[in-house]
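Take a look at this single chain, the form predicted alone, given in structure tokens.
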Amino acid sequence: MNKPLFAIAVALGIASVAAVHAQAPAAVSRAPAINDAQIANIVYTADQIDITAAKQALKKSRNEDVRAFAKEMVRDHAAVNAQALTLVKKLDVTPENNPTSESLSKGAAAELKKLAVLKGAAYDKAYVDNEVAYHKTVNAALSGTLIPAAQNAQLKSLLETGLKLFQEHQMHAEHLARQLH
């Protein structure tokens, strides 16, 4: 099964960050390193994207399990973003826009447009399949790229806590996907 369009866009955007860190040491010194301000923006953007997708699901879906999952996504991702905003204010860091966060936003807009035309069970299945792929991709980026690249211990801790929560989201989405198939 192919990943939904949005998950592919996320993978490409985050993969561009990972590619910088996977290069030989000499090449890495020439490549722009991802910094905490960029990481903060990527994570905030990723959370906002999932909140927006969940709000769309709450408007379109009539499936109680899908709606409960969407409510959980809004609640949990909003809570993580609130913690992140508190932390960046405390650290006096301004989240920095970057190609990865821009790619995430473009991919999200395309996916929301695609989902908007679907109805009923087709919408529910496409939304949940996208959530599975999205959480897999974001979790891989958190564990493989963003957490290792974070320089501030408090940011790293917040990302690690978020990863545990988002791994639970992935398992919930996978369970829900099995129910819908």
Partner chain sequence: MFRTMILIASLALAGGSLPASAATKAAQHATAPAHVVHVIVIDKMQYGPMPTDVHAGDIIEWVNHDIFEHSATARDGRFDVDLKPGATVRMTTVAGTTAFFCKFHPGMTGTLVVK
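Owing to the predicted nature of the structure, the values given are computational and were not obtained by experimental measurement. Positions refer to the first chain, counted from 1.
There is another form of this protein, the form predicted together with its partner chain, and it is not shown here; the text below is about that form.
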Given that the partner is absent here, does Asp76 sit within 4.5 Å of its partner chain in the predicted complex, heavy atoms only?
yes
Given that the partner is absent here, does Thr94 sit within 4.5 Å of its partner chain in the predicted complex, heavy atoms only?
no
May I ask you to state whether Leu104 is within 4.5 Å of its partner chain in the predicted complex, using heavy atom distances?
no
Would Val80 show up as a contact with its partner chain in the predicted complex if we use heavy atoms at 4.5 Å?
yes
